[in-house]
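Given next, in structure tokens, is a single chain: the form predicted alone.
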Amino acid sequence: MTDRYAVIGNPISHSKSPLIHTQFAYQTGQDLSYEAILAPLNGFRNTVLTLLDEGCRGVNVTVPFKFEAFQLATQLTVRAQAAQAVNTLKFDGTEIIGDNTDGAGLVVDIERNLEFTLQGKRVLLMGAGGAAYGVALPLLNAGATIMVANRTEDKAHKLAAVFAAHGSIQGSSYIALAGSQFDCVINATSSSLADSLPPLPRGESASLTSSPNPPFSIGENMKHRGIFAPNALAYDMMYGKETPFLLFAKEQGAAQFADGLGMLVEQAAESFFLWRNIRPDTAPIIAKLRLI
């Protein structure tokens, strides 16, 4: 019997997950079906439980249900507990196992696909919402030093406090970033959805006060290129278009640029592995999606 999987969201018609997982199944010889399901905004729980009763083996979860999925799960992986949100559910009898594969997908895309090593790198993580929570622990586990910046500074400090035991991570306002440079800048905000840009400092100033946080400081009275260190990577989690953040990064001297398409495919591959215990080859899928 063909095993059934799905992705649940609202909206959901734009989702590339059915295409991705269908390609994974074909590539690995797995007998499964995968569909997109639009759940009512107040009907996520009932949708999941109905699928469970019908024999579905697992689901991916997208906006706005990741926090509800976290609450619904009867077991949580370590990374799901850290993220406080779930994007993958695996059904095992009556158990609902919750995982979060977003951070693993991001790290694999950056380190393997983009060949950018995170160990020892200074990372600016913009945003303090669910997307940032989902990737903070995997970034720290990869050896990165993280500065979290958010429009509401208290939220940045709160996120940093949650993950402080796992590595070097601090919170900041955007204004306080002036005078600091980063090897990797990741946009985990929703700004690109609105074609806007987080309030990042630009690199016009020639005299800047040293940052109070030494790992991120470039020192006093030094001309600089804004927030991007030499050979820096600019990464926007949104995919499918050149975002205002990526345009800003090019203007400010970043050396490497990436949207979130690779992360999308890699986090899907992590879900597929959780469900099927086989890891698909993501490179041809990413290449195919680039042409669509």
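In this text, all values refer to a predicted model and were calculated from it rather than measured experimentally. A residue's number is simply how far along the shown sequence it sits, counting from 1.
Below: the form predicted in complex with a small molecule, not depicted.
- In summary, among the residues Gly130, Gly171, Gly179, Gly98, the only one with a non-hydrogen atom within 4.5 Å of the small molecule in the model of the complex is Gly130.
- This chain appears without its partner; in the model of the complex, the one residue of Ala234, Leu264, Ile227, Val59 with a heavy atom within 4.5 Å of the small molecule is Leu264.
- Stretch 150-158 is the contacting one of 70-78, 137-145, 111-119, 150-158, since its residues have non-hydrogen atoms within 4.5 Å of the small molecule in the model of the complex.
- At the 4.5 Å threshold, heavy atoms of Gln84 stay clear of the small molecule in the model of the complex, well away from it.
- In the model of the complex, at least one heavy atom of Leu193 sits within 4.5 Å of a heavy atom of the small molecule.
- The shortest heavy atom separation between Cys184 and the small molecule in the model of the complex exceeds 4.5 Å.
- The small molecule is not shown here, but in the model of the complex it comes within 4.5 Å of a heavy atom of Ala188.
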